[in-house]
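This document opens with one chain alone, in structure tokens, the form predicted alone.
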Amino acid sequence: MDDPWDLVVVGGGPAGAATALGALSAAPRLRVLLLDRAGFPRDKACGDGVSPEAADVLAALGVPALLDDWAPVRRLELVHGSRRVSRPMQRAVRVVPRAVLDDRLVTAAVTAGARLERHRVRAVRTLRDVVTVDDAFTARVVVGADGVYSVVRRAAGVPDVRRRAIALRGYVATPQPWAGRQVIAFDPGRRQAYAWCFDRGDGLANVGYGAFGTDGLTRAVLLRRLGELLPGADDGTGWRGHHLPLSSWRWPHPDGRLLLAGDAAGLVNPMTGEGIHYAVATGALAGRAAAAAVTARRPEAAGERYRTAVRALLGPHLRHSALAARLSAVPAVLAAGIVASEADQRVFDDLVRLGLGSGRLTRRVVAGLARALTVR
């Protein structure tokens, strides 16, 4: 308590580990403590897809070959009723179980110099010169990477994200028709909902069903819709459910010593539900902002530094993804997106970047949608 840590990171998932790596890559002598309530390796509900943009962030953090032993998935198939498009992606995705990904990232953070402790955080308080965590640790800066129900978020006075999605995930033996690809089958009976099957490349596939909004969506309903959209995908094991806080048009973040990254910051793509890229990208920025503020002996400036960096990286993308999410809630527009993607590889590529990385609604996409809607 008498010797504050330079940085305490609450949560050891991709956002938290990336925070530690970002801080230590900027200031290797920084004293960084990483807290998580679970031991590693541990499972998390997720689609497990690690996008190429997320891999780029990890490479910049000093772990460029972290997932090279997992098979690259190069084809994405989108289905909506009778419409279907199957195309190669410009850059491959890797489907890596979170038990593997998170463990490797935490190990990399510890190797870089962070200290990992198993501890469930219950209370965070900002005092005049430091932040206290459960009256057990003090820090100059604290980063909350503790998920949708973030303790740090509450301590920072940031309201909970109102717009959420719910998803259920399991694993099945990869059916041959789905081998070597990611398959997304949109639910024609519910807006902004889809089933998925993502081949891991090791004989198993990550499968699940997700829907934007939570009303009436029990485990039984989610499993039933998964089986109806992708027959056989519901015959799996390891089922886990979770809520996703969906990002919006604006991204508020307070000044001060408390920073929020990943799900804790309310950053999940509202069009696709993808969150790993946001987690590692914002984690890296949070770590660097904390390191810069502490090194300058102005830890209270960390929040402002971080907010500026995130808005520079993701500001336009967040506005475009929020608009795209609203458009895709209209069945005719969703169908037009599949038609336009089938007609033009470049439209397909732009939509993939918008859904999995930090892309935007390009003129090419808008023109493709307009043409498809006109033909209909």
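Every value quoted in this text rests on a predicted model; they were computed, and no experiment measured them. Residue numbers run from 1 along the displayed sequence.
Another form, the form predicted together with a small molecule, is not on view; read the next lines as being about it.
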Trp178: heavy atom within 4.5 Å of the small molecule in the predicted bound form?
-> no
Taking 4.5 angstroms as the cut-off for heavy atoms, does Gly275 touch the small molecule in the predicted bound form?
-> yes
The small molecule contact at His320 in the predicted bound form, heavy atom, 4.5 Å | no
Consider Ala329 of the chain shown here, and say whether it contacts the small molecule in the predicted bound form, taking contact as heavy atoms within 4.5 Å.
-> no
Is it the case that Ala15, Arg42 and Cys46 all touch the small molecule in the predicted bound form, with a non-hydrogen atom of each within 4.5 angstroms?
-> yes
Which residue among Leu116, Val294, Val151, Leu229 has a heavy atom within 4.5 angstroms of the small molecule in the predicted bound form?
-> Val151
Answer key, the small molecule contact in the predicted bound form at 4.5 Å (heavy atoms) among Val161, Leu244, Leu285, Met89: the residue is Leu244
Select, from the options 75 to 83, 265 to 273, 297 to 305, 231 to 239, the stretch whose residues sit within 4.5 angstroms of the small molecule in the predicted bound form by heavy atom distance.
-> 265 to 273
